[in-house]
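Below sits a lone chain in structure tokens, taken as the form predicted alone.
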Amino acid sequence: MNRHWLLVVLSGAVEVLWVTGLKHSTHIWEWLLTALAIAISFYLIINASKHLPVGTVYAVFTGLGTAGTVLTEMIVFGEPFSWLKTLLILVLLAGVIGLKLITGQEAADTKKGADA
């Protein structure tokens, strides 16, 4: 995983914080932290998008954020556990990982073709 993909993963993790903040913030400082998390998350994803395919970056970003938010709601905030929801999160993560792997392979194939 290169540095730019690490930025995507980090921005997805920060997305979980700000999405959670949108639901649970009640004080001004919580709203400020939520706004700060939004700014950091978008800063990271914008920088990653300058070096990686934007469609794949966005899919990975939203997939990680969605999965992380659902898991956070179940683990931290006591949302009822659901096998079906867990299975669908795993399917989502498999799609995100597959998309990332295919994108890396396509980029390598394109580079090989350009070098030949």
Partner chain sequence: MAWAAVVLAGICEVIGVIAIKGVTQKKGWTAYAMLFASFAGSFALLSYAMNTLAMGTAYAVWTGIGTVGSTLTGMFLFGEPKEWRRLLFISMILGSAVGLKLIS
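Positions refer to the first chain, counted from 1. Predicted, not measured: the structure shown is a model, and the values here were computed from it.
Only in words, not in the display: the form predicted in complex with the partner chain, which the text now covers.
K.L.:
Give a yes/no on whether Thr72 approaches the partner chain to within 4.5 Å in the model of the complex, heavy atoms considered.
P.N.:
Contact check for Thr72: no, nothing within 4.5 Å of the partner chain in the model of the complex.
K.L.:
Is Leu99 near the partner chain? Define near as a heavy atom within 4.5 Å, in the model of the complex.
P.N.:
Contact with the partner chain, yes.
K.L.:
With a 4.5 Å heavy atom cut-off, would you call Gly78 a contact of the partner chain in the model of the complex?
P.N.:
Although the partner chain is absent here, Gly78 would stay clear of it in the model of the complex, with no heavy atoms inside 4.5 Å.
K.L.:
Consider Trp31 of the chain shown here, and say whether it contacts the partner chain in the model of the complex, taking contact as heavy atoms within 4.5 Å.
P.N.:
Outside the cut-off, so no.
K.L.:
With the partner left out here, which residues of 36-75 have a non-hydrogen atom within 4.5 Å of the partner chain in the model of the complex?
P.N.:
Heavy-atom contacts within 4.5 Å come from Phe42, Ile45, Ile46, Ser49, Lys50, Pro53, Val54, Gly55, Thr56, Tyr58, Ala59, Val60, Thr62, Gly63, Thr66, Ala67, Val70.
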